[in-house]
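One chain follows as structure tokens, the form predicted on its own.
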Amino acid sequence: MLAPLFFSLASRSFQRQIAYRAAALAGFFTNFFFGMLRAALLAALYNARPEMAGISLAGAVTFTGLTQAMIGVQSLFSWYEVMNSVYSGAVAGDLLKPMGYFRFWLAQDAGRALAQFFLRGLPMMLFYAIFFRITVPQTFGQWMAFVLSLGLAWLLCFAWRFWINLAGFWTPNALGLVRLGFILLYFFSGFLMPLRFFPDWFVQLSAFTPFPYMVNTVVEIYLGVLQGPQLLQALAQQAFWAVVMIGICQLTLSAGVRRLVILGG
């Protein structure tokens, strides 16, 4: 019974997203412009060297395109929907819906992410293929691993965004805390720069957080840097962190709802 409801919510969210095609187009060209700047900076960093830390110059340029393409899909820059629903009081009605609060927002974000994939993600990679020399997965298995990794990364990233938004249950203005959560994501996920370019201590520190599995793992699988046992381990780590974060979300949500009821919300 819940599956049709989930897909119905996702479908409506998808339709809402594609209704604003002009905004999506503006966002796409903005992302592409900054992607070109990032590609130019990385090209300068390589300084005619064919490879750095196991990533070729073409791979580094591809990294900028792929991470720019993931901005809309993963909503890496901002997402305040749950926080706003708490402050507007809409959370009271949402909690009464015949679907868990987490799944309710998960369905809507699935539709949003799918729309952003077609409106901004896929066109970004097509434009990069036109203007730059990029790399692409060479085998069907690598493509399948990439698609699976991207799905797990979206689920994990959503769980993180949902969790930091739950701060709205405890403070009258959680905007600063939510933004801090996004800043942590930028630095530790490998969005700004491939994690392989950072010192070993930073890479090891990042590995103890869920952030690399939201971006860096997807990129390395796409570029073919991770193969064989390393690839399977990376997918398992993504799945592990997704389960952990979903569990943390459920526990935090339960505490937040109890607080909402206690305060007479």
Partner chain sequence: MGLYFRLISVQIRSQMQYRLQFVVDMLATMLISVASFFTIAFVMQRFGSVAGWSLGEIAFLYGMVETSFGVMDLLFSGFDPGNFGRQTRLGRFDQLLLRPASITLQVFGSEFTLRRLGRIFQGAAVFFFAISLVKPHWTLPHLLFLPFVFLSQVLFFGGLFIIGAALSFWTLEALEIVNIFTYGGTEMMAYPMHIYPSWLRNFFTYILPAIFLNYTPAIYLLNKPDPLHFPAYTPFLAPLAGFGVFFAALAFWNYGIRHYQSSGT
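Numbering follows the first chain given and starts at 1. Treat the numbers as computed from the prediction; the structure is a model and nothing was measured.
Form predicted together with its partner chain: not shown, discussed below.
Though the partner is left out of this view, residue 173 does reach within 4.5 Å of its partner chain in the predicted bound form, counting heavy atoms only. Residue 133 falls outside the set of residues with a heavy atom inside 4.5 Å of its partner chain in the predicted bound form. At least one heavy atom of residue 41 is located within 4.5 Å of its partner chain in the predicted bound form. In the predicted bound form, its partner chain lies within 4.5 Å of some heavy atom of residue 202.
The chain is drawn here without its partner chain; in the predicted bound form, the stretch among 102-110, 159-167, 177-185, 134-142 whose residues come within 4.5 Å of it by any heavy atom is 177-185.
With the partner omitted from this view, the residue of 225, 52, 58, 235 that lies near its partner chain in the predicted bound form is 52 [heavy atom within 4.5 Å]. Taking a 4.5 Å heavy atom cutoff to its partner chain in the predicted bound form, the contacting residues in 25-48 are 26, 27, 29, 30, 33, 34, 36, 37, 40, 41, 44, 45, 46.
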